[in-house]
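Alright, two takes on the same chain below, each alone as structure tokens: structure 1 and structure 2.
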Structure 1
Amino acid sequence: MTGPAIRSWQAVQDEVRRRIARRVWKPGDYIPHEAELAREFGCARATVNRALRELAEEGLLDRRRKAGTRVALNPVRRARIDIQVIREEIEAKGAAFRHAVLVRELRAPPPDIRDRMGTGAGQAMLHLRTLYTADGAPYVHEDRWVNPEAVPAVLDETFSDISPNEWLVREVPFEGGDFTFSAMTSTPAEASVLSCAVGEGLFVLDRTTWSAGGVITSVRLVFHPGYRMQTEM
């Protein structure tokens, strides 16, 4: 290789991607080490490092100290999903957003929610059920439990002007969360809220959010039939 120098980390990354795609470096192969690639490309090792590090994060390369870098055997495809505020998601589609709080009560959650939130048996939580609509059509039904110990201000909020979803995102600093995607069969209750047929397949997103102060909220979003969630690329 005595072509033009490849000096930017982007260019290095592209070149490495190209070599993997064209099978110059095959799955399982060790590729030259950073110093050698830097020499070949005519750039600094730090530049090669940044390019390779990101490819490893993507799952295309396996790297280990001393052992070296090799092309992943079974490249794990890593999909990235951006989950934004529901209002913005709906408005981005050019539809009119509205929300209506259907249930607002303070009581102890059922065992499965307690389990997910890891809270005590007798502990009361604020339970909210909210319907979000796009141009008047049911879009998603939110069933949420909020821990008043972690978020005392939630008890004073009526959620008439701002939705629980947006209020929490704005007001509560959260540090982590986990998501679960699944499908459910619409029960008569869900069907009536989402105005769909009983027995339809619905897309479901469960999320539990916490911060240093403990579990903040656990929420289930049941989307209208036909909802699709796409990866950002």
Structure 2
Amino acid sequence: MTGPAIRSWQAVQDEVRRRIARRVWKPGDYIPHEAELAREFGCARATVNRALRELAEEGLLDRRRKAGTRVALNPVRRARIDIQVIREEIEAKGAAFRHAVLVRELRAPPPDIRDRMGTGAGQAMLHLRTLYTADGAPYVHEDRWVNPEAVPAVLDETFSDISPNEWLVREVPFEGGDFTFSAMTSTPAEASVLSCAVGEGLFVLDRTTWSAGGVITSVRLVFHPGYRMQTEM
């Protein structure tokens, strides 16, 4: 790097925007890896990661796990979807938050979870089922698998004082993820944990997040009847 070091992720973001706007990096071009950009800019790799994630969320970059980052062929304005801390969401509604870990076990996940997480048949994952409540009423049921190879510290956490959702958001940086939204009618199992009638419509969110060290977690969130999600463009 010939100029002064770039210290903030906003400054990195501005420089990447400039290069895209001036066609230094053209649509479809792969840009240098994070480590290479960090050396060039004289900053931490985490600073570059934050800048590129923000630009990917805006639609200027296309980031693919194991494939690298390239300038989007057709930049579009995308809806922004954050990984919400459920406690903050509930408290923002003026309700009292509580969480209870219903299941905590280390075992091999079923085939569909292995496919989503890209793990071997015998590899054990931490399985957590957690119920989140608002003013004592069921709000969302979380069925989560965490990869201890990517997050070794998770094996020492009991989640008695902090929920799995909040602990992962606060403690574990991620580089990318995918979301799937769907709807289902409650079976007796969902009706029991969410205190609703069998056959009621429920909103479902499936999410997988990853970092350079591999897939971090795969989670299914099943929300109480009537739940609505709002995002922004």
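Take the two forms, find the largest set of C-alpha atoms that superpose within 1.5 Å, and that set is the rigid core. For numbering, take structure 1's sequence and count from 1. Small disclaimer: the values here were computed from a predicted structure and weren't measured.
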Lone-chain pair; form predicted on its own identified as structure 2
Does residue 212 count as moved between structure 1 and structure 2, where moved means a C-alpha shift of 2 angstroms or more after fitting the rigid core?
-> no
Classify residue 223 as shifted (yes) or not shifted (no) between structure 1 and structure 2, where shifted means its C-alpha moves by 2 Å or more with the rigid core superposed. no
field: Core-aligned C-alpha movement of residue 183 between structure 1 and structure 2 reaching 2 Å
entry: no
Core-superposed C-alpha displacement of residue 51 between structure 1 and structure 2, in angstrom, equals 20.2
